[in-house]
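Below, in structure tokens: the form predicted on its own, a single chain.
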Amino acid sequence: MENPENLYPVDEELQKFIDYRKRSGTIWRGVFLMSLFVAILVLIVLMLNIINDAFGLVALENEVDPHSLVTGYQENTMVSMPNTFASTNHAALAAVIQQNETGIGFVGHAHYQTNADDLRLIAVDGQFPTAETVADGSYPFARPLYIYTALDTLQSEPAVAGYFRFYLENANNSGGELGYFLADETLMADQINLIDTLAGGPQALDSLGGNLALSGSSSLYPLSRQMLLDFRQAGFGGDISIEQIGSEAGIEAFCRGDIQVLNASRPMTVAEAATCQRNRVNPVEIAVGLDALAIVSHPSLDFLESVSLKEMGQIFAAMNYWDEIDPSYPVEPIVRAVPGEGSGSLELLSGSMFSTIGLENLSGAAYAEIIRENLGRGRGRALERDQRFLAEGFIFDSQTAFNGACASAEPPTGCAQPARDRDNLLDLIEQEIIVPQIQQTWPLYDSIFNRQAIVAEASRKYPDAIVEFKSWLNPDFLVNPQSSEAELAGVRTAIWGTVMVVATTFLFSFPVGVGAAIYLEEYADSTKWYNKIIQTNISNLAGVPSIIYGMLGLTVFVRLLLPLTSGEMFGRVAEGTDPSGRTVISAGLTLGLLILPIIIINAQEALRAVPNSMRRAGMGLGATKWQTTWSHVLPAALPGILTGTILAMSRAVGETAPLIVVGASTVIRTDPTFFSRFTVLPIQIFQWTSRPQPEFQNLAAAAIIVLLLILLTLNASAVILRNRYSTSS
């Protein structure tokens, strides 16, 4: 084949050229697919890493147990009910019941045994307190009994060591007769060996002297008193004393070093043991058996054979007359005898009767009472002035002081706000009283495949913590403001800030960008030098680093246009405060400048894609250039314009550097306005990732998911709008 000018290859050269092109295409196709695969793989790994941090097990420990707030409120209710006698002395409780024909109450089983002829035992859910029902837990009001002493006391005072050994050897002889359910012989023998080891061997009773001071639980009082009497008869010649002041008061006295031996109807809490150790009192705990609280009544109260836990809650914490519980009961007032505050018996009662009631089940009035009892006066007063706890009356403040504060030059926010509602009070209790603290977190992978090991580790390191699965991305995370406590922190203020900044950015950049594109494509003479300069600068500005736009925004919007961006010209600056241009308006305008070149270029490309025949057709029918552009060209280009605009907005959502320069805050706890300080999601994520606590890394992962969802929503909107307008056009 002739090819006189050798303009293109032929024959073998043509085949070689074709083969070369095929090889090149195959290689570049492979490179493209490999790059795409790597990009997708990196994105998948990134998303898995984020999800791995956003969900998982946590060891959660509350500063105050929520259920203790419930039981504490119910305890206060029980002791403050009408016709109620409260005392830590069970003998006094028994006497009150004996003297009132409609009397009912609780006494230790040992006290019931002593007064069995004058008291009537009532079953609880059909169960009476016996050795079997107490041991298997079917009787609800059973609890362990303990005696405590300090390690130094045990080692330095032979009388205490001798008494403990004597107690363990002889309690079973007298305890059963007194109505107690004593520990088994094996446990007793093991504890005797422990006492001998700590004290340096057994003590001879006839050589013991000194004093013995006991105090604490009234439930254990009869047994400990009998052991003291038997101890004296066995040869102890020193002075002895015993008081019944309740377990809680006894523990406080013991930790202060006021007593040598503590009687307790419950074990020490971790906090109480820590208090003792801070006072150089190292507790030695000895279990002596079990006791049961007996519910008893006057013998004439024969209509009541057995009660349920629900009925007991009504009797002791709700109703005042018997017929209110059951119409068949007599119309007589209920006379109650209950253990006093600070008693382990009262804690046992409230914990059992109200075990199914959660903090979230209480009323707003109950929340107000819990706040009154558990919040410091100074802090409570400050919060009450921020927003009142009660619609009528005050908890910490007074009407006179509140009115005076409202009449001052700077009135508190509570003057213009309604009282807190029930949900607000519950949130306040969680934040100010319960104060949940996460001790440790575990990622999702380990939480799924190593759960047992995690639970074992947490129980060893944090015995008071609860191990539970936590989704850091939850409704509370979306509606809570920022907080220094990771357990209470949320992204509401950051989301609002992001939305307001993006809205400002869109309202500024979209009309300006589209207008500029229409001018450059439809009206400007591309041969003119100034139009060439404008087009060149727009293309160059699209590649300028974002930090430069931040500096431009700081100079122009924050400083030069301060009266506008601070709201001063609109009267939005509080009297006596200096105006600040570091606001949502400044941030939105700065990001508007950042994405303006991108919007202009995308809009120009969309306008160029519109066929010129459409323009000629419009003007051929007599339309002006503007009418043709507005009615024909712009609608046809709108899908491409919207797509480019929303993609540019997606970039603005993720920007951080220019907003830091403009003055975005890292911590904002109140919802922003257009003329206030603000934060956005990327800055919030940056702030959390820079903190050393691992739980803030989990919060950052959850916030990244929220940011990605916002970006995906914007991108999906671009696709939907493009498809819709493409179809309609």
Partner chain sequence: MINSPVHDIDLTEDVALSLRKKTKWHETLIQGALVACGILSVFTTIGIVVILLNESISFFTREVFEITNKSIATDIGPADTTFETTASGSTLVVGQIVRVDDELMEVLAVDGLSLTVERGIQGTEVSFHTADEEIEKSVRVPFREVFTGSRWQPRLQQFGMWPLILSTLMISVISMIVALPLGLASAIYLSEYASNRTRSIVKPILEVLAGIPTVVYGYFALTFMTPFLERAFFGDNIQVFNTLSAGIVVGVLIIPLVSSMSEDALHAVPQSLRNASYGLGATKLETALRVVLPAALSGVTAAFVVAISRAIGETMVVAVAAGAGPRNFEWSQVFTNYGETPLNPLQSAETMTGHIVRISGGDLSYNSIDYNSIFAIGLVLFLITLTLNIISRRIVERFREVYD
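Just so we're on the same page, rigid core means the largest C-alpha set that superposes within 1.5 Å between forms. The structure displayed is predicted, hence computed values, not measured ones. Residue numbers count along the first chain shown, from 1.
Heads up, the form predicted in complex with the partner chain isn't pictured, but that's what we're talking about next.
Enquirer: Going by heavy atom distances of 4.5 angstroms or less, which of 240, 415, 561, 657 would be at the interface with the partner chain in the model of the complex?
Expert: By the 4.5 Å heavy-atom cutoff, the listed residue in contact is 657.
Enquirer: What is the one choice in 536, 156, 398, 186 with a heavy atom within 4.5 Å of the partner chain in the model of the complex?
Expert: Checked against the cut-off, the match is 536.
Enquirer: Contact between residue 673 and the partner chain in the model of the complex at 4.5 Å, heavy atoms?
Expert: No - in the model of the complex, heavy atoms of residue 673 and the partner chain never come within 4.5 Å of each other.
Enquirer: Though only this chain appears here, would residue 523 touch the partner chain in the model of the complex if you measure heavy atom gaps against 4.5 Å?
Expert: Yes.
Enquirer: Does any heavy atom of residue 16 come within 4.5 Å of a heavy atom of the partner chain in the model of the complex?
Expert: No.
Enquirer: Quick check on residue 58: any heavy atom within 4.5 Å of the partner chain in the model of the complex?
Expert: Judged by the heavy-atom cut-off of 4.5 Å, residue 58 is well away from the partner chain in the model of the complex.
Enquirer: Would all three of 25, 551 and 624 be in contact with the partner chain in the model of the complex, where contact means some heavy atom lies within 4.5 Å?
Expert: Yes, because 25, 551 and 624 each have a heavy atom that approaches the partner chain to within 4.5 Å in the model of the complex.
Enquirer: Among the candidate stretches 279 to 287, 75 to 83, 224 to 232, 504 to 512, which one is within 4.5 Å of the partner chain in the model of the complex when only heavy atoms are counted?
Expert: Selected stretch: 504 to 512.
Enquirer: Is any part of 22 to 49 within 4.5 angstroms of the partner chain in the model of the complex by a non-hydrogen atom, and which residues would that be?
Expert: 24, 25, 28, 29, 32, 33, 35, 36, 38, 39, 40, 42, 43, 45, 46, 47, 49, in sequence order.
Enquirer: Take the rigid core as the frame of reference and indicate whether the C-alpha of residue 18 shifts by 2 Å or more between this form and the one not shown.
Expert: For residue 18, whose C-alpha is compared between this form and the one not shown after core superposition, the shift is 2 Å or more.
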